[in-house]
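So this first bit is one chain, no partners, the form predicted alone, shown in structure tokens.
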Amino acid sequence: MYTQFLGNYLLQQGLVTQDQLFNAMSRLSQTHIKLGTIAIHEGLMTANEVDECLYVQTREDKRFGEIAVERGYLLEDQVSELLSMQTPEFLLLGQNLVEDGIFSYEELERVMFDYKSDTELYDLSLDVENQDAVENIISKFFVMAELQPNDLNVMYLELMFNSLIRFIGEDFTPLTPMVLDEFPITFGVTQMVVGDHEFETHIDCDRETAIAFSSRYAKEDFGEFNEYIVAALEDFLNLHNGLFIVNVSNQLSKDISLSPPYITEEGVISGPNKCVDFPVAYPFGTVHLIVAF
């Protein structure tokens, strides 16, 4: 999930455009990590040292690791350790942006430092997503919307991001959330969570985006808007919310249940307190995740 958070940060800071970001994200599965990228991330080499080794590589038929060892930047044991590390996609994203000419390695090094400082991810591991770090970043989305985070709403948003990754695809970026008195509906699915804590959940998008979203979820190529699109959207929201109430019951000992999902094509959504819009941008369009607390 760090990849999506990094994408949000890059967009917020105006460091990339959505097109540049999605282009880099679309190649993650085909990208192989470079030793220099990991060495910079682990603090074993500077960006200038990596650039120097890459330049030498264009003049000599040697591996990057050999050159780094010869020049005293790395030990042989460090090269072996770096090569054995698992590679997270957020690091691949940064490397793709360098290869696309969006950043130099020096600029990427600075961006990653600023990102870690901003999100307090000083101990960010290469291969394990730290639960406390994830919850901390998600809490910042509520702070950005000037809404006080709590265990329930942080759990809901974290699970929603995980559901999108699992069922729709990893190539999305959460955009800046907004607190609204009410949200005007375009088209979507609504479902109530009822019990100890009641709120309204809604997925909203235009019909073309709904077709693409549902096609990914159902793993079918829907060419036009029809009842299968509606059924897929309902099933996604119901599945996600079902997972949520199980987690709430197990972790927070709260008694909540779901009403059946239903299609909403007009009108507005509003809550007794706050209506929060968490927009999520995919290459095929923007999906609005609405929670009315």
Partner chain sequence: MDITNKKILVCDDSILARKQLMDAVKEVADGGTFIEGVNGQDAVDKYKAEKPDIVFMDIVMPEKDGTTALAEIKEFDNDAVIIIVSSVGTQEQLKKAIQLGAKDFIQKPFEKNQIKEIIELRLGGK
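Here the structure is a predicted model, which is why all the values come from computation and not from measurement. Positions refer to the first chain, counted from 1.
Note that the form predicted in complex with its partner chain isn't included here; everything after this is about it.
Asks: I need to confirm a contact call. Of A47, L54, V69, A231, which residue comes within 4.5 Å of its partner chain in the predicted complex, counting heavy atoms only?
Replies: Contact check passes for A231.
Asks: Could you check which residue among E224, E42, E266, E227 gets a heavy atom within 4.5 Å of its partner chain in the predicted complex?
Replies: Spelling it out, the residue with a heavy atom inside the cut-off is E227.
Asks: Among 175 to 183, 70 to 78, 212 to 220, 153 to 161, which stretch sits within 4.5 Å of its partner chain in the predicted complex, heavy atoms only?
Replies: Checking each option against the 4.5 Å cut-off leaves 212 to 220.
Asks: Establish, in the predicted complex, whether T119, Q131 and I138 all lie within 4.5 Å of its partner chain, using non-hydrogen atoms for the distance.
Replies: Not one of the three qualifies.
Asks: Going by a heavy atom distance of 4.5 Å, is L28 a contact of its partner chain in the predicted complex?
Replies: Contact with its partner chain, no.
Asks: Just checking whether I38 would be counted as a contact of its partner chain in the predicted complex - the rule being heavy atoms within 4.5 angstroms.
Replies: No, I38 is distant from the partner.
Asks: Looking at the partner-bound form in the predicted complex, is I245 within 4.5 Å of its partner chain by any heavy atom?
Replies: Residue-level check for I245: yes, a contact with its partner chain.
Asks: Please run the contact check for F187 against its partner chain in the predicted complex: heavy atoms, 4.5 angstroms, yes or no?
Replies: Contact with its partner chain, no.
Asks: Sequence order please: the residues of 165 to 185 with a heavy atom within 4.5 Å of its partner chain in the predicted complex.
Replies: Residue within 4.5 Å: F167, and no other.
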